[in-house]
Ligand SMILES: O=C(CO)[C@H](O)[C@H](O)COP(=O)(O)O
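For reference, the chain that follows is the form predicted on its own, supplied as structure tokens.
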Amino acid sequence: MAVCTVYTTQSLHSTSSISTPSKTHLGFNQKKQILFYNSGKRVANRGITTVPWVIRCSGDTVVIGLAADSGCGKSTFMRRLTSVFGGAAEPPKGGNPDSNTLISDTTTVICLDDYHSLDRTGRKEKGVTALDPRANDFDLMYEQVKALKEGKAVDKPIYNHVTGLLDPPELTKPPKILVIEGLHPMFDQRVRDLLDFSIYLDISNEVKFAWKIQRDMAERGHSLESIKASIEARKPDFEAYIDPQKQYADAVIEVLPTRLIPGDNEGKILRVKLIMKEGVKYFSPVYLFDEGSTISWIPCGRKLTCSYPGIKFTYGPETYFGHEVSVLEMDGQFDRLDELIYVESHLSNLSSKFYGEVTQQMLKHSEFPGSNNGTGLFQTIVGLKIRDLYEQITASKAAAPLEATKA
């Protein structure tokens, strides 16, 4: 169901708000019967003199894409993002308890694993991984993301991570903000073209290996040899199908080993880069001190407590896959999150609503992984930028009918 407001070009005071089904021909019965055609802005008006109309539908959904390999922090990022918009993200009420979908007041997060065309047994029989495009239904992914963007509900499939089977679909309604997260949000050009903003979480092999060892050995009892074998088995498909997507991203959060400790390979101290593409509509890159300059800053001192090995920030312009980008980098970790406001005060273009909002968000989720380093900081900043992008897009669309009447 798309809710539309109809404006005459003669007067913005003559409006009608209607609810219409999402079909090629849309009609309704009031005092004057009007027949709508989706393909144009003019409306045939039966029984009275024909006049031009402008139709504005509120069913438009802003679509965000988040790409990353498994175990790279997508779920934590989603929790930070939905928190910025308010309301906790929860599974659909009364639905499949194994649903991957998360719904908050403003956002709906869809896991693209739901578009696997092969279940776990099917992938094993065909000798393909979930990273392989042949194991995924991109036609259905495109059709459903497009429908949700246009304000139409869909029956979205469910991939059950517990059983490895494809469960019956669930009804998914269009939200204000749709986040599609997973392995392939930017792989298919048709889906990529639907995105209003895209992010790639790029975890280096060294850090990914350290994280997987910490998780799988400590929490799941896996052997070091099995962990190495698992990583090596996925590597060819990751490099062929997942990693190339970062060239299309509007923002990349890259996680690397620290340079503050020579030869460190434990993955506990991280160097994190926020790579922001220039020239993206409704998105202004964050900068440190002076926009466009090259900056190196060690803020440790009286206003920022730093234990060994300290903290270092750098900022400056670079080129990334042929694109002009701004790069903000943090190496090291915070000892006290409340002191983050000192760093925040030196950053500009944060898209925050008030002074200290970044620090407030970080303190609010201090238990989340990465809250003491650049992963949490940059995820929070990107969340604020997405909120600002959504508000700009919404304001732009709301202003469109007024601009049309001036034409």
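Start at 1 and count along the sequence shown; that's the residue number. Just so we're clear, the structure is a prediction, and the values are computed from it rather than from any experiment.
Missing here is the form predicted in complex with this ligand; even so, the following discussion is about that form.
A.B. asks: Please determine, with the chain shown alone, which of 284 to 292, 111 to 119, 189 to 197, 305 to 313 has non-hydrogen atoms within 4.5 Å of this ligand in the predicted bound form.
C.D. replies: Only one stretch qualifies here: 111 to 119.
A.B. asks: Can you check whether residue 277 is within 4.5 Å of this ligand in the predicted bound form, heavy atom basis?
C.D. replies: Output for residue 277 is no: heavy atoms all beyond 4.5 Å of this ligand.
A.B. asks: According to a 4.5 angstroms non-hydrogen atom cut-off, is residue 360 in contact with this ligand in the predicted bound form?
C.D. replies: Although this ligand is absent here, residue 360 would stay clear of it in the predicted bound form, with no heavy atoms inside 4.5 Å.
A.B. asks: Heavy atoms within 4.5 Å of this ligand in the predicted bound form: does residue 159 have any?
C.D. replies: Yes.
A.B. asks: Report yes if any heavy atom of residue 180 sits within 4.5 Å of a heavy atom of this ligand in the predicted bound form; otherwise report no.
C.D. replies: So residue 180 does not count as contacting this ligand.
A.B. asks: Among 323, 259, 152, 123, which has any heavy atom within 4.5 Å of this ligand in the predicted bound form?
C.D. replies: Contact with this ligand in the predicted bound form is made by 123 alone.
A.B. asks: Of 234, 173, 146, 222, which residue is found within 4.5 angstroms of this ligand in the predicted bound form when only non-hydrogen atoms are counted?
C.D. replies: Among 234, 173, 146, 222, a heavy atom within 4.5 Å of this ligand in the predicted bound form occurs only for 234.
A.B. asks: Would you give me the residues of 62 to 94 that have any heavy atom within 4.5 Å of this ligand in the predicted bound form, in order from first to last?
C.D. replies: Contacts from 62 to 94: just 70.
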